[in-house]
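For reference, the chain that follows is the form predicted on its own, supplied as structure tokens.
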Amino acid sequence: MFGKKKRKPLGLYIHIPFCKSKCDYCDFCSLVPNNKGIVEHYTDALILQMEDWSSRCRKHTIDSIYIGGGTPTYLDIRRISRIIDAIYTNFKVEKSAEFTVECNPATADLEYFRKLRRAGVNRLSIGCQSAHPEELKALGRIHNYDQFVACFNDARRAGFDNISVDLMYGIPNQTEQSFIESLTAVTSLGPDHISIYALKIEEGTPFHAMRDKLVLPDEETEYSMYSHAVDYLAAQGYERYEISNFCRKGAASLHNLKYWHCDEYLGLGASAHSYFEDERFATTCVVRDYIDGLEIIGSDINIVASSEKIDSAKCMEEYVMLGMRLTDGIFIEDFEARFNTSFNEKYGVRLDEYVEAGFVEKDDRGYRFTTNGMFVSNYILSAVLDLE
């Protein structure tokens, strides 16, 4: 007797593009709805897109789910419950699947978290960014630190034992000391995972328009902030497993690891990206086009904004680019088994000059960035991979 063919693992990302207020630094696909109708229509369209993809994913099992934004918890519990129900209706979800929802502290309370937990969500990612009111105000955040602490504690009371917190460095008027204070305050709460991101001034944002007036920490101060965070978090029991991500033992983000390992994932919703069956593709970031393209029968709106078949050469390049973000870096044996190509001949000779400069470590197993290298990883990878 033949056993059942094993299903392929697949990550699922759901994008919610709505916020109470858009932060001044944000260039993500997000908007402040001018009426509740667009939120309801978006929810309907998202469920229709799930139905469209359901048959194509019959050979797959969802082993990680991530609802991001925007602000997913901007949705009332009825709407987000509809989305969660549709996920389980249209896809085969592993019982042990990691299920993350992003949260702004000003948009959820104890009862909301309890209902999320009962719906199957088992991990939260809460955006704190800073413990200082003037820094939160500078970013355009709608919450204060006390609201964050209350949100975090409500999540714990609701039964969440896997909580990630986001912090930022390089904020206008931020000092190294104020960053250390934020880091210390957040760590004292005992989150299971901490993400620390450098502020980037992106085109099209209010920050970009006022960039000449912003008082930002210089590069040396930013490096000192990052370096201090690495050392401090290690002393507090947080392992750095990726450039910006730190966790208690066993609490690494399984969904995000899919991105860095070049594993398959499906993204649904406006602006969502996917890597599925050797193809990378993205959905339109125009929310109205996304809704109309799915809801209007016979619509000629193509909701696919871009798509690219990934050949072996491109796959190899992405594997190195994403894998080097991880603390473990690239294992030569794994690379050569996957691509049947000598890593040393292809990339090792280019990385060796950075080994000598102290930006990369090398041993018999492979290559990985040092802390110095991680801080300038984009520059190094652009040179090694000949990226423009």
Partner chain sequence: MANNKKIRNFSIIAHIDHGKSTLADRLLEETGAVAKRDMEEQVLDNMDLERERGITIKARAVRLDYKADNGEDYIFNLIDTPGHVDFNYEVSRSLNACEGALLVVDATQGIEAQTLANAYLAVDAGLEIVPVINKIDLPSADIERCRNEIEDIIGIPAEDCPAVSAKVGLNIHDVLEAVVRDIPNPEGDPDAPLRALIFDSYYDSYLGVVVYIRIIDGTLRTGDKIKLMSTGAVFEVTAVGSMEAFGLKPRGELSVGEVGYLTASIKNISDTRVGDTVTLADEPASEALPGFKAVQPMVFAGIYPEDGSRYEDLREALLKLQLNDAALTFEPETSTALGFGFRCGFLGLLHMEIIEERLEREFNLDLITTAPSVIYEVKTKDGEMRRIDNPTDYPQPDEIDVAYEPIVKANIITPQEYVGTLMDLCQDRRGVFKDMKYLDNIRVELHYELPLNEIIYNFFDALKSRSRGYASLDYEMYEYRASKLCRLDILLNGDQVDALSFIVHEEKAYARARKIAERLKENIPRQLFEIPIQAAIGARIIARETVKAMRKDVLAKCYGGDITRKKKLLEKQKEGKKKMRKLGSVQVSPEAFMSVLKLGDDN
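Model, not experiment: these values are computed from the prediction. Positions refer to the first chain, counted from 1.
Below, we turn to the form predicted in complex with the partner chain, even though it does not appear here.
Only one of 57-65, 334-342, 31-39, 319-327 lies within 4.5 Å of the partner chain in the predicted complex by heavy atoms, and it is 319-327. Relative to the partner chain in the predicted complex, residues Tyr169, Glu222 and Trp260 are all within 4.5 Å by at least one heavy atom. With the partner omitted from this view, the residue of Asp52, Glu361, Asp44, Asp27 that lies near the partner chain in the predicted complex is Asp27 [heavy atom within 4.5 Å]. Between the options Arg280, Arg117, His228, Arg211, the residue in contact with the partner chain in the predicted complex by a heavy atom within 4.5 angstroms is Arg280. At the 4.5 Å threshold, heavy atoms of Tyr197 reach the partner chain in the predicted complex.
Shown alone here, Ala86 lies farther than 4.5 Å from the partner chain in the predicted complex, counting heavy atoms only. Although the partner is absent here, His273 lies within 4.5 Å of the partner chain in the predicted complex, judged by heavy atoms.
Not displayed here, the partner chain is kept clear of Tyr347 by more than 4.5 Å at the level of heavy atoms in the predicted complex.
Along 287-311, a non-hydrogen atom within 4.5 Å of the partner chain in the predicted complex is carried by Glu308, Ile310, in order along the sequence.
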